[in-house]
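Below you will find one chain, with nothing else, as structure tokens; this is the form predicted on its own, and questions on how it binds or moves follow later.
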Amino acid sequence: MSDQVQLEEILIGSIAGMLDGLGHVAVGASSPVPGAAALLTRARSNGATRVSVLGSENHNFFTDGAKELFDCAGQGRIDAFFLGGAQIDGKANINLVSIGDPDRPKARFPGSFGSAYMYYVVPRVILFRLEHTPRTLVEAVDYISAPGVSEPGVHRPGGPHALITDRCLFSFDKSRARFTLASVHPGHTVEEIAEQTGFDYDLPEGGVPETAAPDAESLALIRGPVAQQLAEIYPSFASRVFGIDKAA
């Protein structure tokens, strides 16, 4: 593997920075980058952070799949989780159902599953979307699978913390229901983000920094033990990104 830092490694490092210090991070199915970030967080905490990755035999404390995940979240025993969507809008609403008129949709997707529930009860939900275009990051989603914010008086301990894409990182202010462009990944520009984002957002005072690459110690962990552990869960991803064909 080349010594050049890959986009996936930048995303893993950035997400792990938002997980450091948390007690329990859960990762749903088909989420190799968030899964790797959670494993990196655990490695940097010397095991203090618990990680549960659905679909893994070695890195999963649950014995009853999603049912136990939901129970654990409802009891307040999950500190961070990840959600995505076919569409995400500027209020952090996500759409996992359909595009266009819900009665006559242009496209249908698998469905919301427990996304709204997890969005309400997990304190730090990180939105993750690898396609950053105006068709995915929209002014308003066509269908709200899970709302980003709730009306005053609604008991809601959970909600969105940030949105990370293949181009940049947004932070989210729940009190204002609005994103701020926190950093731009190497090779991309602030102007490009504006062109490719369908919703309005804020810019930080003093300019937008470039997303930092993982430091040498974290990069060694990502390419070493984290990659080996990830191969058990996501062998194709581990092979493509890290050149690992099977778990050690």
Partner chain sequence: MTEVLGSADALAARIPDGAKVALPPDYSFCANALVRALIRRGAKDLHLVGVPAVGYQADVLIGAGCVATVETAAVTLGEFGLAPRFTAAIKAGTIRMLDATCPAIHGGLQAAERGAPFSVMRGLIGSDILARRPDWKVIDNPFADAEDPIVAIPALVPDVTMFHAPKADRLGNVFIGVRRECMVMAHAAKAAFITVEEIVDGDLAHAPETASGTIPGLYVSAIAEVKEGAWPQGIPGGYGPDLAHIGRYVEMARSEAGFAQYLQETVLGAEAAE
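Between two forms, the rigid core is defined as the largest C-alpha subset superposing within 1.5 Å. Remember, it's a predicted structure, so these values are computed and weren't measured experimentally. Positions refer to the first chain, counted from 1.
Same protein, other form: the form predicted together with its partner chain, not shown, and the subject of what follows.
Only one listed stretch (37-45, 63-71, 189-197, 203-211) carries heavy atoms within 4.5 Å of its partner chain in the predicted complex, and that stretch is 63-71. In the predicted complex, no heavy atom of P134 sits within 4.5 Å of its partner chain. At the 4.5 Å threshold, heavy atoms of S171 stay clear of its partner chain in the predicted complex, well away from it.
For the chain shown alone, L54 is a contact residue for its partner chain in the predicted complex, at least one non-hydrogen atom being within 4.5 angstroms.
At the 4.5 Å threshold, heavy atoms of L130 stay clear of its partner chain in the predicted complex, well away from it. Residues of 90-113 placing a heavy atom within 4.5 Å of its partner chain in the predicted complex, in sequence order: V97, P102, D103, R104, P105, K106, A107, R108, F109, P110, G111, S112, F113. Superposition of the core reveals a Cα shift of 2 Å or more for P105 between this form and the one not shown.
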